[in-house]
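As structure tokens, one chain now follows by itself in the form predicted alone.
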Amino acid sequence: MIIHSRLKDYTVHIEENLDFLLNLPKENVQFVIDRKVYDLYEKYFDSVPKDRLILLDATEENKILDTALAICEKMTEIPAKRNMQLISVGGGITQDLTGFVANILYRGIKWIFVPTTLLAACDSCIGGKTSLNYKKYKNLLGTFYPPDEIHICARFFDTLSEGDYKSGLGEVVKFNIMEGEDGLKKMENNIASLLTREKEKINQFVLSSLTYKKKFIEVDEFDRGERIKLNFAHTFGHAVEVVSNYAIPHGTAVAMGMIMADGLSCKRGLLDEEMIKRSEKILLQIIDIDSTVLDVDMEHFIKAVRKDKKQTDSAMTAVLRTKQDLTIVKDMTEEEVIYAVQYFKDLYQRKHLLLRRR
């Protein structure tokens, strides 16, 4: 797959096994690898010079400017300067940090990204966004700078925890729900296979997710119009991450955000209840959280919503589903935010009551 960008066209490769790692460039290259990934797959990186290897503790707390600048400092030791390459291996946090570095160092260097989480592979690896957290708020600093090459291999997903894997499914489900009736049917027919990590289905849905996203990012690369619709559920999802101190991973928070957004769509009369219930049946299969995590001061939640980078003024903005498409509402009230959060909490508690009765 080729992604067209005004910055540079770039390619996505689907790899059948991990041997491709052995053929990555080694000269004038800085590797930045998630420490957990390196520990699991160390044999594939034996030939990487130790002085050209940075092991990254990929946590939200480290997704900050200081970490990016530390990587820049290390890379200035490479004599090649603008001919150098950066190769990063890891999930979305690794991608955000290294993409930011690749953009700002020497005004842009070549960058190869290997996503090792389903979340990064099905969504964030394309589109060029790099985002850093600032003062505990999500993704307030960032640039647009895509990799030159992306290599996706579903073998990496075998070692993901159940929580991290289901987090990735959150974005897969999001793209299909956004697609409407056809996407929802595909999800209903295949969620069981995806939950058991069938490689063929994973590759199929990674490609379909990227193909769906590609349509938005190629017409609105810099997020000024149509691409904003891809933020469906993210206004709520990012707030969930903040109030949970990032204990809830991104894709899971987005899945929760979809339920909250749909609850608000129903309240506004934008979406049929039958469509919402079908979506919720799928989403509840991939959400597994401590039900007390949202027992927080709603002022804190609303403050996090207001800090979301998509907000344009004092009114609150969100992307909601309608019967035909998606719409950007710019008049969401605090009362509606409270309603949406309570809607999710009530639904999730009913789910656990039913499980206990069984």
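For every residue, the number given is its place in the sequence shown, counted from 1. Everything quoted here is computed from the prediction, not taken from an experiment.
FYI, the form predicted together with a small molecule isn't displayed, but the following is about it.
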property: Exercise: Phe156 in contact with the small molecule in the predicted complex, heavy atom 4.5 Å; result: yes
property: Distance check, Pro146 to the small molecule in the predicted complex, heavy atom within 4.5 Å; result: no
property: Distance check, Leu160 to the small molecule in the predicted complex, heavy atom within 4.5 Å; result: yes
property: Exercise: Arg321 in contact with the small molecule in the predicted complex, heavy atom 4.5 Å; result: no
property: Segment that reaches the small molecule in the predicted complex - one of 38-46, 66-74, 296-304, 326-334, heavy atoms within 4.5 Å; result: 38-46
property: All of Thr117, Ala120 and Lys129 within 4.5 Å of the small molecule in the predicted complex, heavy atom check; result: yes
property: Contacting member of Glu179, Glu218, Asp164, Asp223, with respect to the small molecule in the predicted complex [4.5 Å, heavy atom]; result: Asp164
property: Residue among Asn231, Ser279, Ser124, Ser209 with a heavy atom within 4.5 Å of the small molecule in the predicted complex; result: Ser124
